[in-house]
Every structure is written in C-alpha cells, then in structure tokens.
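Next up: a single chain in structure tokens, the form predicted on its own.
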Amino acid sequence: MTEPLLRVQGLSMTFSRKSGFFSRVGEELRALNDLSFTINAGETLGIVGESGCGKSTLARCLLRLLTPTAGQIYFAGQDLLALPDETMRRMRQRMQIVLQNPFSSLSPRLNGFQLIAEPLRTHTTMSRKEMMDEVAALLAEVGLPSEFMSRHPHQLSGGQAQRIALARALALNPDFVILDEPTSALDVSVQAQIINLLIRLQKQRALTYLFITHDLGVIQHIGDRIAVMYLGKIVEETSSERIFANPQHPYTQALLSSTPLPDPSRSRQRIILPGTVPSAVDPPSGCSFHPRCAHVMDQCRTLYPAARQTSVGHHVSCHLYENGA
C-alpha cells in the first residue's frame, strides 16, 4: 500500500493565556484536539467548519509555523516535528500556503515581480534574467500577462491579487499546497475562476491540496474527501460524494442545509443551530456539539463519541451510530 504524502496522528494544539484584562490566569485554549488524518499524493482533502473551529491553526501546525502541543506530522515519510530548523526550512520548498486575503499576505511595497521572485531569491541561485523568465512563466500559468510584474497590490483586483499569491506559492514547484479560505474574500464569479484554475494546476503539476473553507458548496467542486471540524475535532470524514449524498453527523447536516442549491426549483429544509460555537477555553463536557444538537442523549453530555466507520471510508463521531445505525 502506498504511503500517504501527509499523515497526521493525534495532533493537539493548546494555547496558554497567562494573564489578560478579561481572562483568567492560567486558562488554556485547546484549538486542536487529537486530530488524525491522511492525504494521498494528488488528492484534495477539504477541511470544513465554522470560524474558530481550529482550521487555520491546523494549517500553521502542518507547516510548523506553530509547534503542536502533542501529536505527529509525517510528510513524505519524514517526521516534521523532529527535523532541525535548517532541514525544515528546506522542506518548506515542498510545502506552501495560499492565505484567505491576498492583500494582507502581499507586501504593498513590492511589485508583482518582487513578490513572486521572493522565494526564488531565498531558495535558489538564479540570476535576475532567469528569475524574470521564471516569473513571466508563472504569471502566464495563473492567467496573467507579464506586465503584472510591474504592478503593486493596490493596482490589482481581488482575483488578480490571489493569482499573484498562487504564482508565488508555485515558484518553488511544491508537492503540497495548503489553501486557507482562498476564495472567501472574492466575488462569486471570481471564486469559480480561481477554483477552476486550482483544478487545472493540480492536474498539470500533480499537486496535493489541503483546502480549508467554511463553505461546503466551494469544496464540492474540488475536494476528493472532506473532513468536518467542530471545536478542534474532526466529527465526520468521507468522500465528497458521500458527504453530499448522505451526511450523517448532525453538524454536517446543518452545514449542508445552509448550502444553496444550483437548481432554483429545488429546495432543502434549513437546519438552524441554536447558539454559537462554544468557547475552546471552556468546552462542554462529553460531545462538544451536544448543546446545539437536536438529537442529544444523556451519554452525549458526559462521553465524547469515538469515531465509527458507518460504511467503507465513512467515519463519524456521534453516539447516534453506536449500534451501527
């Protein structure tokens, strides 16, 4: 059996807040809680959940921009958390990230050439002429003409800025790209263009994606598998087709009910969840979703459900499926 490109085991991340005007001394915020998953080469895994569930913290832990409290991260068979800093720096050439808002991730002082050539200057010995040629080729690959080399971020639309950010991420020819809400700041029509561009680039370059989003409708068109997160835990994981055909966790069902249908003659019953995502500083006992769940049972309040395989490749953490229901 082929080893997955990325394997995460028991990943947890806790932040300690020692003091603060409104915070209690010594309180801890558990952003990630015992996450385990794999991503195969050439695959797209979607991570879906509401704001505050730990998605962006996960992205930063995978790149070792944050050091997890516990767990293991294996990339191409290597334990990332055990690598020396210089080895990890070289490894990042194979692992890149595209952030949600390109205007916050692109320096306003640099033009398109400088922004895209930055990783080339850091990690290669290319001459300026070679960099110019490479940047022009990268711009063409993401659908921008070479004159964008002289433009600064304030001269770009949101879609153009995100294409510059994507070209920069591709400059070192990575194997793995984390896409952290890459379309949420864009107009709907531009979102579709960027999604189609990402699909084309994945095929051309044999890329592996981790696609983070709060919108199931976006990931439906690009994801091979989807993992649904709630308060730092994965509550359901399966193929994209199964999630949309048969969502099993009550939280996944609620997320899916809020996704618009492309056919205006069809409708689905909207599930309105009461309240908001609980605080990760003081999470509920038992299943963290139970205060908002319409199917709550006594054991939900005291015992967190183990992940169960309800069908081949479909795992759900919910007491509703304890007896194979």
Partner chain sequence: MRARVEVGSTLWYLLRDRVALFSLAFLILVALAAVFAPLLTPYAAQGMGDPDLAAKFRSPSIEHPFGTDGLGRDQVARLMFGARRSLSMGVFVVVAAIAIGAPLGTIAGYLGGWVDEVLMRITDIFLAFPPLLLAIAIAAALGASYINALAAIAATWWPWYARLARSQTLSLRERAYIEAARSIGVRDRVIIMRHIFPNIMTPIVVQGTLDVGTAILVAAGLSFIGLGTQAPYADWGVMISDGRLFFLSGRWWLSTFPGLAIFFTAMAFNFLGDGVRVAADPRLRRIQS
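Numbering follows the first chain given and starts at 1. The model shown is predicted, which means the values in this text are computed figures rather than measured ones.
One more form of this protein should be noted, the form predicted together with its partner chain, which is absent from this view; the next part is about it.
Enquirer: Tell me, which of V135, M95, L166, I243 has a heavy atom within 4.5 angstroms of its partner chain in the predicted bound form?
Expert: Of the listed residues, the single hit is M95.
Enquirer: Can you pick the one in L65, A70, V281, A41 that has a heavy atom within 4.5 Å of its partner chain in the predicted bound form?
Expert: Filtering the options by heavy-atom distance leaves L65.
Enquirer: Among 204-212, 72-80, 85-93, 136-144, which stretch has residues with heavy atoms no more than 4.5 Å from its partner chain in the predicted bound form?
Expert: That would be stretch 85-93.
Enquirer: When the contact criterion is heavy atoms within 4.5 Å, does L231 count as touching its partner chain in the predicted bound form?
Expert: Residue-level check for L231: no, no contact with its partner chain.
Enquirer: Please check if R60 has a heavy atom lying within 4.5 Å of any heavy atom of its partner chain in the predicted bound form.
Expert: Within the cut-off, so yes.
Enquirer: Using a 4.5 Å heavy atom cut-off, state whether R109 contacts its partner chain in the predicted bound form.
Expert: Looking in the predicted bound form, residue contacts with its partner chain include R109, since a heavy atom lies within 4.5 Å.
Enquirer: Would you please decide whether L99 lies within 4.5 angstroms of its partner chain in the predicted bound form, comparing each non-hydrogen atom pair?
Expert: The answer is yes: L99 has a heavy atom within 4.5 Å of its partner chain.
Enquirer: Counting only heavy atoms, which residues in 298-314 are within 4.5 Å of its partner chain in the predicted bound form?
Expert: Read in sequence order, no residue approaches its partner chain (within 4.5 Å, in the predicted bound form).
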